[in-house]
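The chain below stands alone and is given as structure tokens, in the form predicted on its own.
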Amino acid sequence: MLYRLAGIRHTTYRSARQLFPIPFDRKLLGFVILLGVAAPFYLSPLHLNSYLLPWVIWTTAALGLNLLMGWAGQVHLGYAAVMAIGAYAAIHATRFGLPLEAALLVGGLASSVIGLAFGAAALRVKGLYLAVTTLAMQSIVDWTIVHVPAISGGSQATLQAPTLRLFGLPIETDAGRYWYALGLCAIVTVFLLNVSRTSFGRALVAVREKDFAAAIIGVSPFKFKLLAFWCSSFIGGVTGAILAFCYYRAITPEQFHLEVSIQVVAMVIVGGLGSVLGSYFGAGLVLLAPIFLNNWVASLASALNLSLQTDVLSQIPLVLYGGLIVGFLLFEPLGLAKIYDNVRNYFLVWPFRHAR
């Protein structure tokens, strides 16, 4: 078959409701999963720990925030605070003797309870007012962590994360930590892929589009906004714990400040609101683009024998990076996921014009 849609006929509701009804998409997904699982065998420890592991973890964080911003339409500028609560709660839970699996649940529940409290207070406001409310949450959590020694040990203290374990067995290799983080990312990805197929996901979209219209047809905006805050905060708390155990292995208050929240919001917006694939693209661009731009600018300056000052050389990649994000949003406001979807739809029926 020359065309990937040729010969595909849905004769049952089950086949029509598949997540990936096109065979090519299923094969591509299987190939990507195989590459991801086998990454420790063909990547060096440097690339695995410096590039792929943080990409997987921050993608999970972006997925959690995308549930709130993309599906429910609620702005959140304090997601780093949610992750900090989960990280500290999980570490203290393991120090009290709980197994890691239970500690992750404790971290997620602690984040969801506090996130739910701030979410309930924010339900009376929308838009920029909601953003300021969540920004206040970030400031309050930052202040509390720094000034309560029982949580962090003080403003300059470092809290060591216990050894990562799976069902009591220690995981001390780079590959083991990567697979642990990849497993969590896969679980969250499968959950979000199925959210839109459930009444919960459709209710979130209804609230996002017009909350008063959703209330008229029987969808409670209060209930589903709270559920969105709860689910998103739970995912953020577990992700913060995974970040502490698998990547940082020790946490300080500086690791969860406001700029981290802005970074996660950028991942969601650049990747595409309400898109699972967009969270992967956005996290990859925000995390990896500055690294590649730094290397590229340094190589170009060396090849052209340019004697640039160190501060100028360090600022050029940031300017290019900011321009890259602005360019993406100017040409495709729906994010990188929409660009991928446009290319995919073009090749679905090439050489004809329209996919639908």
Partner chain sequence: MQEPEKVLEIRSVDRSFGGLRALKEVSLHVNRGEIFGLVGPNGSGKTTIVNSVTGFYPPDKGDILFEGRSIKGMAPHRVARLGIARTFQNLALFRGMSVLDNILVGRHIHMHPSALAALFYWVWAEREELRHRDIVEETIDFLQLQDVRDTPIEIVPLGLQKRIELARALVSEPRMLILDEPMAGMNQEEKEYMARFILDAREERGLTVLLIEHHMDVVSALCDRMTVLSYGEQIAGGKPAEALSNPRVIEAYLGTKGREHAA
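Numbering follows the first chain given and starts at 1. Since this is a predicted model, take the numbers as computed values, not measurements.
Keep in mind the form predicted in complex with its partner chain is missing from the figure; the text below concerns it.
Enquirer: Counting any non-hydrogen atom inside 4.5 Å, which residue from Ser139, Thr198, Thr173, Gln160 sits next to its partner chain in the predicted complex?
Expert: None of the other options qualify; the answer is Thr198.
Enquirer: What is the one choice in Ala206, Leu226, Leu277, Leu285 with a heavy atom within 4.5 Å of its partner chain in the predicted complex?
Expert: Contact with its partner chain in the predicted complex is made by Ala206 alone.
Enquirer: Report whether all of Ile187, Phe212 and Ile217 sit within 4.5 Å of its partner chain in the predicted complex, measuring from non-hydrogen atoms.
Expert: Yes: each residue has a heavy atom within 4.5 Å of the partner.
Enquirer: Among 189-197, 129-137, 260-268, 74-82, which stretch has residues whose heavy atoms lie within 4.5 Å of its partner chain in the predicted complex?
Expert: That would be stretch 189-197.
Enquirer: Using a 4.5 angstroms cut-off on non-hydrogen atoms, would Val343 count as touching its partner chain in the predicted complex?
Expert: Because no heavy atom of Val343 falls inside 4.5 Å of its partner chain in the predicted complex, the answer is no.
Enquirer: Would you please decide whether Ile22 lies within 4.5 angstroms of its partner chain in the predicted complex, comparing each non-hydrogen atom pair?
Expert: No.
Enquirer: Looking at the partner-bound form in the predicted complex, is Val106 within 4.5 Å of its partner chain by any heavy atom?
Expert: It does not: once its partner chain is placed as it appears in the predicted complex, Val106 has no heavy atom within 4.5 Å of it.
Enquirer: Would you classify Arg14 as touching its partner chain in the predicted complex, given a 4.5 Å non-hydrogen atom cut-off?
Expert: Residue-level check for Arg14: yes, a contact with its partner chain.
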